[in-house]
Structures are given as structure tokens and as C-alpha cells.
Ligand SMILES: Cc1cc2nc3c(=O)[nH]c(=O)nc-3n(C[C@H](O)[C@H](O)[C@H](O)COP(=O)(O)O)c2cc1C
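Only one chain is shown below, in C-alpha cells, and it's the form predicted alone.
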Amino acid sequence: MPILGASTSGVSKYNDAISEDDFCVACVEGCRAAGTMTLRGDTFFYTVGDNPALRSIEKAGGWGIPIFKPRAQDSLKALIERAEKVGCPAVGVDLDGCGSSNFARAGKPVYKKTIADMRELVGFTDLPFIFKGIMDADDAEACVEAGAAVVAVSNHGGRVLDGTPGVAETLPSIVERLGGRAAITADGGVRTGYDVLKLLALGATAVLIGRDVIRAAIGGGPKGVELQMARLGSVLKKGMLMTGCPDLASIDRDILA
């Protein structure tokens, strides 16, 4: 199933409806029950020793992928080491998190990473590495040069900078530039399985769902997330049927004409 949960976090600080640990567990277990996996995010009150995302993944036997904010290199290495011990299948860094206002208010520095910094992190682990928050073909190229296995195209749902282009606008140029040298995920404003189909047609390997998974986790826990992801998969299958795509490999830009 080419639909995964996005790397959301910090829900417990916005309302008292759910604890952070319960939120993370709902995302991890709900996605697993739906036959897929979720990424897990990072926020200012997560630490190496007290990390709800990594705890939830560890509880699930390594079923999840942590995406860390661009903290100091030593801090990231400590988090990556813990992710390895937990059994995570991959790790990543949310590069555009260097502008995080939450981290800034908490007095916890995040950094703009250079290609040398990125190479250092990739070389630090044997796990496949994901660089997230990419909206430009040149930046995507830099990620591949640094050794990325996955480039995650994302504008954070368009809620970070006013006037940011949509992911569907920038995705084709990134796909063309990378030419299959890395897997590509896409997210931002995806609400239905038909939206997923469109992004797959534009060249995404997989599509990440954020906001709707948050709502499902708060409203229904793991079962809510499972139902949400299953619904997305069902509608994707319907869209594939209606556009003559018997399998994922058959989805291409021709169906958008």
C-alpha cells in the first residue's frame, strides 16, 4: 500500500484530548493494522531519553520510521543510534525544520544542514536515510548527492510559508531530475485516495498522510487510524479501476490528461 502516515508530532501540546504517547501508538498500530507503516515526527519536548515516537516504534517491534528535526549533529547521531537499537527500518531528517518556531521558543537550536552535514549523517548509519521537506529540484539533487535513499517532497501542508507552491506543482520537476536514483514520497493537502492517485501519477513512490491521521488518532485511537488508512486505500483502488490501472506500476501521467 503506497500510503503511509506522515511524521506528525506534538499533538498533546495543542489540546488535552490525547497524550503524546497514545497519539504515537495510535499512528503506529493503526497504520500497521491497515497494512502500511507510519513515519513519526519530532518536536521540542522530545529528547533522546524521553521520546514518545521512538517508544511507540519500539513497542511495535520497530514498525515505524522516525524523522528528526535538524538538531545539532551530535544530538542527531544519538537519536539515530537509539533508532537503530529500536529496530527502525530507516531514519530521516526534516531539513526544513530549521525554521521551527516551536524549537526556537523552547531555546533548542535547529540548524540549516549543509551537504557535508547530510553526508556525515548518512555515513553514520547503515539504515536507509530520508531527507524531508524538499520543494526544489536542486535541493533534491543535493539530497541524492549526500546519499539519500528517499527524498520526501513536502511543504508541510502549505502552513509554514504563505504562497508556497503545491507539492503537485513541484513534484514532476523533482522526479525528472532524480531519474529514479532515489525513492520519492509526497505529502501536503492529501485528503482522498484520488489525491493519492494523482501524486502517484506525477511520479511519487508513496504518499504520506498527516492531518487526517491526526484527526483519526484523536477521534478513534488505533482503530480510527486503521479505518482512515483503509478508506484511503479503498478509494485509491477505485480510482485505479476507473482509470484502467491494474497495478501501481501502471499509474502514469497519461491518466491525468
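Start at 1 with the first residue shown and count on from there. Values in this document were obtained by computation on a predicted structure and should not be read as measured data.
Not on display, but discussed next: the form predicted together with this ligand.
- Among heavy atoms of residue 251, none comes within 4.5 Å of this ligand in the predicted complex.
- For the chain shown alone, residue 157 is a contact residue for this ligand in the predicted complex, at least one non-hydrogen atom being within 4.5 angstroms.
- Although the partner is absent here, residue 67 is a contact residue: one of its heavy atoms lies within 4.5 angstroms of this ligand in the predicted complex.
- Not displayed here, this ligand is kept clear of residue 203 by more than 4.5 Å at the level of heavy atoms in the predicted complex.
- The single contact residue among 37, 216, 54, 209, judged by any heavy atom lying within 4.5 Å of this ligand in the predicted complex, is 209.
- Contact with this ligand in the predicted complex, defined as a heavy atom within 4.5 Å, is made by all three of 8, 42 and 189.
- Partner contacts here mean any heavy atom within 4.5 Å of this ligand in the predicted complex, and among 110-118, 148-156, 123-131, 169-177 they occur only in 148-156.
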